[in-house]
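Heads up, the chain below is alone and in the form predicted alone; it's given as structure tokens.
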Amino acid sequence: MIEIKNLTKVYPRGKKKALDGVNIAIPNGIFGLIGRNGAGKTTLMRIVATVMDQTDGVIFIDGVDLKKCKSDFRKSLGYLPQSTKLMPRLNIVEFLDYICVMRGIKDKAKRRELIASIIETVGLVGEEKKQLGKYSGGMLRRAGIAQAMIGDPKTLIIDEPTTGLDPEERIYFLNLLSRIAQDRTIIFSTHIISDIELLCKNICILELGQVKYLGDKENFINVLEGRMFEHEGTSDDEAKLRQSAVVTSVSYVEGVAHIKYVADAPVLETSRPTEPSLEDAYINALGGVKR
């Protein structure tokens, strides 16, 4: 269990508050951290990963202040940052062997066995001789997960892992995370709502460094039951709906506006009820989709 209490981060230059009194309890399983770019997600994850210090607040790991158990926590931690910068001239075996040594695994036979197992887990069998610099974006993310899994960590921190991946690689990566989530805490940060919808039960929404929502994903969605509507119409209809409802999505197909919105009752007569999604609930919490 990771407990974050009153966590605050102020950057000296400009005195910007990246985090402002954040309180979160993170249980076992995949925990979804959602927010727009600049919401504070990466700052929070870097602090939990012990690569950055907070300005104020405390993080507890199973009831112990992280500052007092930092060394032990690092040994049980795997971290995949948003930017995957691996060693381009090494192949995956050489790279993982280096990580094993850095993790203190000295036995060569044990390293070979561990590396072979992890390469199979992340689906890079057959790619062992290729230099990492020649890997695709999806393969690099798999290699990133592979290095994070060295040492069988109990906590994985994964920041924006599917950004820039093609649909096939994205689905593969999400399935990989679901497979390795057993008996682990995975903190999974993204601004891609559908990723969270597929993987997570418990979520936290950050906005401008503050917690906008914390709890069960289904409860968050269910708040919109009976209040979600969809409408097909004109740009004038869109303007009317923006004045008296919270618009969660707008798309124009062959000149027809397809609009989803939140209201206590249908605003326009031809609107019809629809089931809310996590993305609808998220956009509603942030005040609606921008024009």
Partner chain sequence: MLKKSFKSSLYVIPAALAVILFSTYLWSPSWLIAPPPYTGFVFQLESALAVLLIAFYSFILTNKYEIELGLVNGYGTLKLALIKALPVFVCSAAVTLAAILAYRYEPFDTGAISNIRIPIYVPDDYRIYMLISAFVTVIFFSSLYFLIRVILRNCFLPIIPDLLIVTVFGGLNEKILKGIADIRMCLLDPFITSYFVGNAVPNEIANKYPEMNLLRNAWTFNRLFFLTLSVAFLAATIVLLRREKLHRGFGE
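Small disclaimer: the values here were computed from a predicted structure and weren't measured. Positions refer to the first chain, counted from 1.
Omitted here: the form predicted together with the partner chain. The next part is about that form.
Asks: Quick check on this chain: which one of 185, 147, 162, 189 has a heavy atom within 4.5 Å of the partner chain in the model of the complex?
Replies: Looking at 185, 147, 162, 189 one by one, just 147 meets the 4.5 Å heavy-atom criterion.
Asks: Find the only residue in 239, 52, 256, 223 having a heavy atom within 4.5 Å of the partner chain in the model of the complex.
Replies: None of the others qualify; the residue that does is 52.
Asks: Thinking of the partner chain in the model of the complex, which stretch from 92 to 100, 200 to 208, 117 to 125, 162 to 170 has heavy atoms inside 4.5 Å of it?
Replies: Careful reading of the contacts points to 92 to 100.
Asks: Suppose contact means a heavy atom within 4.5 Å; in the model of the complex, does that hold for all of 74, 77 and 86 with the partner chain?
Replies: Yes.
Asks: May I ask you to check whether residue 227 falls inside a 4.5 Å heavy atom distance of the partner chain in the model of the complex?
Replies: Output for residue 227 is no: heavy atoms all beyond 4.5 Å of the partner chain.
Asks: Just checking whether residue 13 would be counted as a contact of the partner chain in the model of the complex - the rule being heavy atoms within 4.5 angstroms.
Replies: Close contact exists here: in the model of the complex, residue 13 approaches the partner chain to within 4.5 Å, heavy atoms only.
Asks: Looking in the model of the complex, any heavy atom of residue 81 within 4.5 Å of the partner chain?
Replies: Contact with the partner chain, yes.
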